[in-house]
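Structure 1 and structure 2 below are the same protein chain in two forms, each given by itself as structure tokens.
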Structure 1
């Protein structure tokens, strides 16, 4: 059954292979533009990037949504609450308070609700958050430039090289658009996940491009089908591991990393094995290469 589906991809029209992923990319850009128009940012930033305070309550077991509503009712402050489990098994909750809000008022309510637990407060200044954000943007930018240079030096052909770079860009744009849709904030952890996506995207695209351009003993369809089977195995095994991580993790940061990587891997399967494959097949045909 799966082989039949993969065979259908091999027989797909080149125009559709290129057009459909580009439509998805355009829709993702629309999501980012809409989010920017509404919030002033293409993706919601976490407290690590925009500054604020985090109050940790060790050993407290409370419903995060109910506690957030209670704190908002009593203080008027819109906070985010999450439950956590440490690597040694300790549990508790964290309350994220936006910069400029009255932290003492939140602490007072928490002490009233949990009188036996001493709240631990960490303040993240807006300047530090801005610095973290700038460093994250620089890391992603430099990673893209380094990746583009290496890919171009490896293949020395503009069209395949640019397609590899575009696929990685599209993976990231689609992942960020899905972060907007599912309410996942940009944080140090999700920036790291986006950086990991670049590496995964380059791996899969180089595998496909190498097999289609370098292996001239096979027909283009046979080379594509062979690489598609390998790519499908790679993607499904990785997705299985990430879905397991997301299902069984009790830490929000792990959930966020797993979610971003799942979004990116789904986008990568489309961009690598459909878009990039379509462009490469068109490129080889135009150059009068093998059938």
Structure 2
């Protein structure tokens, strides 16, 4: 059944294969632009980048809005409260406190409300956040350039290399757009996930490009179909692993990394197996190097 669906892709028109992913890419850019217009940044920055504090209470089940109101009444601080649940049924709450507010006051109230729970606290200064952000942008930019160089060195042909680099870019843009839509914030963890995405994205693209350009014993359709199957297996196993990770953990770091990678992998499936494949098939057909 699924394999039959994959067969359909082989028969798809090349023009559509290239066009559709580009439309998705454009839509993602639009989301980023809209977010930028509304909030002033392309993706919401978490407290790690903005500065501020989070107090996490594991094993607490409270109504987030009520708790926020109680805290506001007692301390006068505008806090944001969020509830999370792990698959094992453990619930907990996170209280976000803006930079410069009195964390201890909030903590004291929380202690009164939940005397048996030990809070986990993170406090981040705004200048530190700024530095983390700069470092993150630097790391992603350099990693991207390095990736592009490595890809060019491996293939030494411009069109396929450019497509690989473009898919990686599109993966990241779509992942960030989905972060905007699902309200996932940019943090150290999600920056790491975006970097990781470069690796995953290149993985599948290199597989496809190598198979199509170097496997000369099959027809182009067969080569595409067989790599499509491999790619499908790869993506589903990785997605399976990530989803189980996301389900089982309530640690924010791991949840964030898992969700961003899931977004990226979904985007990558499209960019590799539809966009890049379309471009490559068009490229090979144009060169006429294949029978």
Partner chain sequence: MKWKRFFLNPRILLLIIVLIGSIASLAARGLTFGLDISGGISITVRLEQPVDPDTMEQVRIALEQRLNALGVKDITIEPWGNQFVLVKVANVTEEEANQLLETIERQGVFYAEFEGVVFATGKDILSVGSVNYDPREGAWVVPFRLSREAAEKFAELAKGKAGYPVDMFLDPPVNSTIVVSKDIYNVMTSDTFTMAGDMTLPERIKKAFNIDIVVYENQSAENIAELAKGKRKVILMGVDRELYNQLKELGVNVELRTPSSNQDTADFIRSVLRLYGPYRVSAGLATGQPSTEVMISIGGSQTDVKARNDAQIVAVVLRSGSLPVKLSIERIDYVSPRLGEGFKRQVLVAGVAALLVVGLIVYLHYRRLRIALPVMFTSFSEVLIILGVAALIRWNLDLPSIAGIIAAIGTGVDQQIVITDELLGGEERKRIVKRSGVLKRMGRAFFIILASATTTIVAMSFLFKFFVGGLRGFAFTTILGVLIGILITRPAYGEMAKVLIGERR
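Residue numbers count along the first chain shown, from 1. So that the term is clear: the rigid core is the largest set of C-alpha atoms that superpose within 1.5 Å between two forms. On a predicted model such as this, the values are computed, not experimentally measured, just so you know.
Structure 1, not structure 2, is the form predicted alone. Residue displacement note: residue 61 has its CA displaced by at least 2 Å between structures 1 and 2 (rigid core superposed). A displacement of less than 2 angstroms separates the C-alpha positions of residue 208 between structures 1 and 2, with the rigid core held in common. With the core superposed, residue 137 shows a C-alpha displacement below 2 Å between structures 1 and 2. Aligning the rigid core between structures 1 and 2 leaves the CA of residue 119 offset by 6.5 Å.
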